[in-house]
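What follows is a single chain, given as structure tokens, in the form predicted on its own.
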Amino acid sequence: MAKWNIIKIIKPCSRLEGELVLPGDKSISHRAVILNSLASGEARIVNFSPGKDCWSTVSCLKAMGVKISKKPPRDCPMLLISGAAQNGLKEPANVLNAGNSGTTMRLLGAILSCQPFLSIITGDSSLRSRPMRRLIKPLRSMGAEIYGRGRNSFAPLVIKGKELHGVEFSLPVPSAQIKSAVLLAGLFAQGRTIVHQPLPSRDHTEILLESMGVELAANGNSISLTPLLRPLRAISLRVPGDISSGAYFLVAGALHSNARVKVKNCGINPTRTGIIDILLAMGAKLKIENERVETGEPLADIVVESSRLSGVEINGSIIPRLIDEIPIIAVAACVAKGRTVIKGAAELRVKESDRIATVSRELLRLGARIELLSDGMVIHGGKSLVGAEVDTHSDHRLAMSLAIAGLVAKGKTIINHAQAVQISYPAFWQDLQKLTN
């Protein structure tokens, strides 16, 4: 947990209204800067995510010699990237630091496994406790020399670059990070790489790779990749707004008794829109407007108004499409009429915090009725939440979920370690205030 503590106090408001332009999608930002750093040519990434996680990726790439510069404005930053395809990445002079970002460690771990140098990558205490065997196993099967702490289970990771060969690998659990890591390693391997998924996960890596000239083929839940015959082609893009960030305001608008909220330029990639499907199933008054496609990614404006929600069952193939949104869905379920059951979400146990435990613990402080399951939770809704003192456990998604819970609770909610939002959405508190004024 963070040694320092920023406290936020949330109180109910009489009206929730306004429009928000969301920060750039975190998942797409990571992938766009990594792939363009490996490409030939120059690229501009507009609306790059302002969160600390993505800047950890930038910092690591710059430490390997990639030329990346940032242009204003601060709330919608643009990166200029000169791809390193011609001269290659350089051996970092020091240990690479992924901060709190699992995406940084896992995707760059794959890239580092095929570089002609030694590297070490670490992260903060939270990241050093997250499982890395799931990354090490497939990379070793491709010929990588990679080691981790705790019998190859945790970071720091020590990687000695090797020539890799393509593999056919079946993911034990749906994971866009591990799928992407294997595909990125496969770019520079000898022979074809095939990844089998138990369920579809977010496909931003595949969309970008195809846009940059990579030969991919999808067959059901399997993806086949042909190694690069020529350098990746740099591609400029505007990153869509992050639907995971927008989810907090969509739920807030649905739960508040006097609300109308619009989130603009929001990504609506079908592999990420489980939150929309669940809100609609719960009875939310939600509309999707101004749909379009930019650089292969669909986006739109989303409008939500005060709604009467009912409990639902959430499991199966929809889980990978809303895994990051389960904390805020839990908040919605606390207020919704009836029972909500969430199953098949054991992956929440190994996020920035054990989100099954921490989400349940903090919502119980607000008066929620929740039963813990090994892979989810049962939430008995329809009871008013009551303000209390809660803690984010330094988890950005829990911080924002607790803010929305406090907004619809009776009385005052005190949120400890509120600075956790910096990981993905530094302007969250300001944007929330815009809607409540």
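Heads up: residue numbers just count along the shown sequence, starting at 1. Source: prediction; values computed, not measured.
The same protein also exists as the form predicted in complex with a small molecule; that form is not shown, yet it is the one meant from here on.
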Candidate stretches 283-291, 155-163, 319-327, 212-220, one within 4.5 Å of the small molecule in the predicted bound form by heavy atom: 319-327
Go through 138, 174, 83, 274 and name the one with a heavy atom inside 4.5 Å of the small molecule in the predicted bound form. 174
Using heavy atoms only and a 4.5 Å cut-off, determine which of 115, 358, 265, 103 is in contact with the small molecule in the predicted bound form. 103
Can you tell me if residue 202 lies within 4.5 angstroms of the small molecule in the predicted bound form, counting non-hydrogen atoms only? yes
Is there a non-hydrogen atom of residue 27 within 4.5 angstroms of a non-hydrogen atom of the small molecule in the predicted bound form? yes
